[in-house]
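Shown below, as structure tokens, is a lone chain in the form predicted on its own; questions about how it binds or moves come after it.
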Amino acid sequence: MSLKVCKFGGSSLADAEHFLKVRAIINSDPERKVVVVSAPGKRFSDDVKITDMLLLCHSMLEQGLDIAPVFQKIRTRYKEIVQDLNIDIHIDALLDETENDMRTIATKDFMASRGEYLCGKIIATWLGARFVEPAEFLQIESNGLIKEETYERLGEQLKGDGLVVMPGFYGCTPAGKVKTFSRGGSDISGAVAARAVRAELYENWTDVNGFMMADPRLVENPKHIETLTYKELRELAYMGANVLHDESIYPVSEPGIPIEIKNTNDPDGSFTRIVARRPKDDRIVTGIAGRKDFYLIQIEKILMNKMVGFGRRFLQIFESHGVNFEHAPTGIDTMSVIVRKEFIGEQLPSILEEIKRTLQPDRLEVTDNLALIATVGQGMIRCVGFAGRLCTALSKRGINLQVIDLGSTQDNMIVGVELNDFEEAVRAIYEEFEQ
């Protein structure tokens, strides 16, 4: 029998009603043998996610404050689920143990991971499944990558008869301490589990029917995307299409395990399938996604191209401040670096001062209202006239381009526009390439 790994996100586990939907999905297909769970998400728009409350507890402990009032809200959420479903688990004892552990092991990663841990314990008991603790078998390197031996070790634990439940979002360091992925990292956990058991399919269950061609908050009734490639998904997810964590493709792409994004509230509805390569079709553009709030830092220096190591020294300034850069468009006498405002924080003045002192540019300019838009499609750059059509569509709306970056890929073109033009630019590109 083939085997499927299914991951359920926070929106799929928000309350008892959603737990029932999850159980029905699992029971409807005997090939669904490995279940990866997130912490319960929001039940309504003004609700607070369990993980956010846990992170608040960590902040309070750092300040010497009592976490009991906040943890009481966490207790209530889990106890309501257990009571509504009549799950035979000693929930008070489990919650007491968890609160005590949080006070003892007060690291941010440990505390943030407890939402998934508790959810996994409850669901495993409810479904009569084996519980696998990822902190014992899923090793995460300091750079966030999965240690190669994880797949064999975790695979041995996940295989076998019966259903298995594993919490998502966390694993351990090589030293054995709990370590989390970045937010949304349960998607990565599901992908790691899929590779570990050599699954036929990785199902990622959420609250939408997969990917749309553009953000429905910006474009009215955008088209549904039936099939994406791993590369297309990576580009779209990284640029703001938040249906799936962009790093979740790495564990499954090498063995070629397909991913399907499905809706827990509409299990028989449309979904998006993600594969290594999709069949050729008439589409030029698969999807459009964008992010706001970037800095564009530009320098100009005559004969820059003759100065060995100039570019390295420019980028090294950002590295020395612990700042990642997104793109680095260049010209013969110019070089630019695009960084997210959230990454650079309050370090901009010191970075600019070091650029002036170290590189002595003829001109140094900062644009602080930049938004980036990625237009993604398999092999689209090879389509004659594509770039012209995109630029013309923006020009007709009076939108000026600050940056154009084709990079080395054949599947993505990024343009930078002023923040005020962001939404109109997305709509203009969508309308030009909608088919």
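Source: prediction; values computed, not measured. The numbering used is simple: start at 1 and walk along the sequence shown. Just so we're on the same page, rigid core means the largest C-alpha set that superposes within 1.5 Å between forms.
Form predicted in complex with a small molecule: not shown, discussed below.
Under a 4.5 angstroms non-hydrogen atom cutoff, the small molecule in the predicted bound form lacks Ile344 among its neighbouring residues. At least one heavy atom of Asn242 is located within 4.5 Å of the small molecule in the predicted bound form. Mapping the unseen interface onto this chain, Arg313 falls outside it, with no heavy atom inside 4.5 Å of the small molecule in the predicted bound form. For Tyr202, no non-hydrogen atom is located within 4.5 Å of the small molecule in the predicted bound form, even though that partner is not displayed. The partner is absent here; in the predicted bound form, the one residue of Val275, Ile284, Met102, Val208 having a heavy atom within 4.5 Å of the small molecule is Val208. This chain lacks the partner; the member of Pro216, Gly160, Pro255, Gly128 within 4.5 angstroms of the small molecule in the predicted bound form by a non-hydrogen atom is Pro216.
Here the chain stands by itself, but in the predicted bound form one stretch of 135 to 143, 242 to 250, 356 to 364, 334 to 342, 242 to 250, has heavy atoms within 4.5 Å of the small molecule. With the core held fixed, the Cα of Phe19 is displaced between this form and the one not shown by less than 2 Å.
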